[in-house]
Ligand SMILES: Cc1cc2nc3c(=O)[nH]c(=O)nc-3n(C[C@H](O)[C@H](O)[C@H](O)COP(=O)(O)OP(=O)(O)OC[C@H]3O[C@@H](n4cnc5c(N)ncnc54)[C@H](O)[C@@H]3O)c2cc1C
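Here's a solo chain for you in structure tokens, the form predicted alone.
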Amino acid sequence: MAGQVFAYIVYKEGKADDTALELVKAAGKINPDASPTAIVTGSGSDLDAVCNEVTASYKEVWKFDNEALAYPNAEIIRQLLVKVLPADAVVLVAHDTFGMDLSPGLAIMLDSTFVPDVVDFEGLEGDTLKAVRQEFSGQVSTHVNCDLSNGAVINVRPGVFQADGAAGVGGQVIDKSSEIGELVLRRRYLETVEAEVGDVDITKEDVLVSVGRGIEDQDNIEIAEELAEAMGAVVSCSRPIVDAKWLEKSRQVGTSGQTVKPKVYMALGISGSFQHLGGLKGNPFIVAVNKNPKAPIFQVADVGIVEDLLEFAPVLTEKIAEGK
């Protein structure tokens, strides 16, 4: 049977990331009887605020307060976790840029199993966990057996384990700062460079019409712009559109672009890589249009439409105009 389940909580400006709730849901799919322990590291009042926030979802919250942990430096956090985690711990981490920095090295240091970018769990039998990953840009689902006898570090794709909200657990915060010990710093935080805001700030928009590789040509972006105008929305995009210089960087949604929290997100011709979905927060209502029925975006979409966006979008624009 798997050991104790832990969830590493990331946060910004005193508020836990949406993945904090998602990791609770993921832990429940590993073992319905599991009661995951949250691990929160940092320093100061923001740390206290996050610890108190996540007690609504976790029965136990381990707090580590140290100036060296003020910035989420994976190198330092690995040193800490190796000291405090039990040998057979199962550690859940969001599969984002920080998680990819933290987890592989942590698994090596713990001598445990590492499983990246998990999108589902199919049950636990003894020490064997059945997990589902995706390969070839989401075109193929891979079912893997994970040996948990020495524990595991598992990166969970953001957005795939949808949580309805805080569970009202009313847990307790346990201050374990005295267990931190010496931390050896080889790289240090210098500064945060905020992305430039272009002609529109997509991070503040309630409705986004986002285009991806399926738009095919720069001239076709006009189709998305017309739909966005009809919907009272703003056009955003995935990284390939920025790389092709069809839209400016400030309109890119994703881990290497902007993090957005719209109420409605329409994805036109976007496959749905974890890098793109990592930029979506706040559980928006997602409408996906893609002619590939196996596109990963359909796994997280509230409404999925298998259709060529170049044919579908103009019809939708027309119908919205008629409705008005």
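So that the term is clear: the rigid core is the largest set of C-alpha atoms that superpose within 1.5 Å between two forms. Given the structure is predicted, the values throughout are model-derived calculations rather than measurements. We number the residues from 1 along the sequence you see.
Missing here is the form predicted in complex with the ligand; even so, the following discussion is about that form.
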Of Pro36, Gly272, Pro262, Gly42, which residue is found within 4.5 angstroms of the ligand in the predicted bound form when only non-hydrogen atoms are counted? Gly272
Among the candidate residues Val209, Val156, Val253, Val90, which is the single one with a non-hydrogen atom no more than 4.5 Å from the ligand in the predicted bound form? Val253
Does Lys291 reach the ligand in the predicted bound form if we count a contact as any heavy atom within 4.5 Å? yes
Ser236 versus the ligand, in the predicted bound form: is there a non-hydrogen atom within 4.5 Å? no
Close approach of Gly214 to the ligand in the predicted bound form, 4.5 Å, heavy atom: yes
Is there a heavy atom of Met100 lying 4.5 Å or less from a heavy atom of the ligand in the predicted bound form? yes
In the predicted bound form, segment of 47-55, 263-271, 66-74, 22-30 with a heavy atom within 4.5 Å of the ligand: 263-271
Within 4.5 Å of the ligand in the predicted bound form, which residues of 295-324 have a heavy atom? Give them in sequence order, or say none. Ala295, Glu307, Asp308, Leu309, Leu310
Ser45: Cα shift of 2 Å or greater between this form and the one not shown (core-aligned): no
Tell me whether Ala313 is among the residues that move between this form and the one not shown (Cα shift of 2 angstroms or more, core superposed). yes
Ser271: CA shift of at least 2 Å between this form and the one not shown after core fit? yes
